[in-house]
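Only one chain is shown below, in structure tokens, and it's the form predicted on its own.
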Amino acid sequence: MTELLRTLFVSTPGTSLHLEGDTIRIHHPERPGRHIQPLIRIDQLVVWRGVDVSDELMLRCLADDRGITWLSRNGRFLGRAGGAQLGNPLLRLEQVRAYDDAARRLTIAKSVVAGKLQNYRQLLLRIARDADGARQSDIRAIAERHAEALIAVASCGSLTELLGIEGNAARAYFEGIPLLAKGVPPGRSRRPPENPFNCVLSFCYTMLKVSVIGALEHRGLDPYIGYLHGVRPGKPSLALDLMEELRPLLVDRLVLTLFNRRRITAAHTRSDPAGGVALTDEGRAVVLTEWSQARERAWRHSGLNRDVPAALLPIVQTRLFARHLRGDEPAYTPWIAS
């Protein structure tokens, strides 16, 4: 039996977290009462700037290999503490060898992009089933472009060509966003997001990135040495690689649902003078509640032939990736929902 542990999100400024026996005591001066969470049920903490974590709690989390991640008020990743590095150095050496081998790097990158395209295609076809008329035809046309891109990925011979295929498919998807969520403008904007939809999308991508980085570090892999996204200072490229296959169904599907069901309204976001859009405290609480519930949903894993909770998919895929690097599997198999 797999026990699904939870991530404790704390975003309210002025909150402090303390160790009390084997529990976390959550204190805020404007919220009377005793609020505790058993440590045994929590696998990691995600806290926003303005939240204090006591030294005793931080040391206990580090001793238990329970990660703590800090984010800015706008959801930007600030840092992470995860205890002592216990990973296998031989695995990291093999990770670097695979990066230096152009053929291996391209093969891994192609697997990552194929997983992403297949899951986006599934998302589009599922939405098209509930549409009709020209909207249904237009959505299916985008899904067909992803099917054509999948064929092109199989035969492409360079990383540059692969990035071009992936970029064109992503552009077609984001230009078709108004077909998937009524009233949402087309296109992808980030740093800063220019509308509420892209704001929530970026926020949830950050939540996913936190999970993937934690899974990679726990397995002993370097999150900063990737294959599709290359190597750049400060860029967690391997985390971004492994996120690709997870984004369509774990993030995009959730965000589309939030907007189609009007769970996110104009009151949940605010604009800043520079033209960016950010979540309000209330909006952040709504998204985190929905995100936490979505992490408990079980998805069929075609490679393992069993259901896996969304929260565990980053850990499962990281293990499969490590098995490939060690030579236990001839290729990395991305998660494709069945």
Partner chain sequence: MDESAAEQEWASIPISAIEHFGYCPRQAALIHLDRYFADNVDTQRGHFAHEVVDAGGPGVSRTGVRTWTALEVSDTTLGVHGICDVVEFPDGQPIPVEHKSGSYRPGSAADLQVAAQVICLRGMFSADVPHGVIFAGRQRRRHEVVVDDALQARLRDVVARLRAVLRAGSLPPPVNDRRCDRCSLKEGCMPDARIDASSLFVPLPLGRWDD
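Positions refer to the first chain, counted from 1. For clarity, every value in this text was computed on a predicted model and none was experimentally measured.
The next section is about a form of this same protein that is not shown, the form predicted together with its partner chain.
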If you check in the predicted complex, is G50 within 4.5 Å of its partner chain, heavy atoms only?
no
Residue-level question: is H18 within 4.5 Å of its partner chain in the predicted complex, judged on heavy atoms?
no
Please determine whether S302 contacts its partner chain in the predicted complex, using a 4.5 Å cut-off between heavy atoms.
yes
In the predicted complex, is there a heavy atom of its partner chain that lies within 4.5 Å of any heavy atom of V10, even though the partner is absent here?
no
Should the three residues N88, R121 and L320 be counted as contacting its partner chain in the predicted complex, with contact defined as a heavy atom within 4.5 Å for each?
yes
So which of 291-299, 41-49, 24-32, 274-282 is the stretch with heavy atoms within 4.5 Å of its partner chain in the predicted complex?
291-299
Which residue, R73, K235, R129, R188, is the contact with its partner chain in the predicted complex, using a 4.5 Å heavy atom cutoff?
R129
Scan 135-173 and write down, in order along the chain, each residue with a heavy atom lying within 4.5 Å of its partner chain in the predicted complex.
A147, L150, I151, V153, A154
